[in-house]
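We begin with a single chain expressed as structure tokens, specifically the form predicted alone.
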């Protein structure tokens, strides 16, 4: 079971976790990541834009990869769009599995890939009235690359 939502409304972490695990006896661990808007350098708000439909499909493909790689019993990805204020949640990733390692690894995989492959455009608005578009970061690309390297190493080990 996988849920992918792109929305402007805030989300409720407790309600989303309960929805993922309700009535399930096969869940032994839930991995979670909550991305929060921070107020670095006088940031007043973060504005996220996307193409409806395309963004959900792209995130769905990333979720499919995680489900193929780990034995997940469920997964929820909620990403906000619109104007987000410091302290508000931006993204929620929840992964459920019979075992904690799979849930935690899949959660890390998902957030790394969301940072680099989900089609969002981010603009920072500052208290001084200025704004700037957020560029891709090398450290995010490096985090994503480790999953490709891990997969290649696993393939070599099986050979």
Partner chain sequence: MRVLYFAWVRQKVGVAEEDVSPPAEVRDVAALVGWLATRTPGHAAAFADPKQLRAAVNQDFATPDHPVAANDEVAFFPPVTGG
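Residue numbers count along the first chain shown, from 1. Remember, predicted model here, so these are calculated numbers, not experimental data.
The protein also exists as the form predicted together with the partner chain; that form is not presented, and the subsequent description refers to it.
**Q** Do residue 129 and the partner chain share at least one heavy atom pair within 4.5 Å in the predicted complex?
**A** Although the partner chain is absent here, residue 129 would stay clear of it in the predicted complex, with no heavy atoms inside 4.5 Å.
**Q** Is there a heavy atom of residue 116 no more than 4.5 Å from a heavy atom of the partner chain in the predicted complex?
**A** Close contact exists here: in the predicted complex, residue 116 approaches the partner chain to within 4.5 Å, heavy atoms only.
**Q** Would residue 106 sit within 4.5 Å of the partner chain in the predicted complex, counting heavy atoms only?
**A** No - in the predicted complex, heavy atoms of residue 106 and the partner chain never come within 4.5 Å of each other.
**Q** State yes or no: in the predicted complex, is some non-hydrogen atom of residue 53 no more than 4.5 angstroms from a non-hydrogen atom of the partner chain?
**A** Residue-level check for residue 53: yes, a contact with the partner chain.
**Q** From the candidate stretches 23 to 31, 120 to 128, 97 to 105, 63 to 71, select the single one in contact with the partner chain in the predicted complex, where contact means a heavy atom within 4.5 Å.
**A** Single hit among the candidates: 120 to 128.
**Q** Could you list the residues in 64 to 96 that come within 4.5 Å of the partner chain in the predicted complex, counting only heavy atoms and keeping sequence order?
**A** Going through 64 to 96 in order - heavy atoms within 4.5 Å of the partner chain in the predicted complex - the hits are 79, 90, 91.
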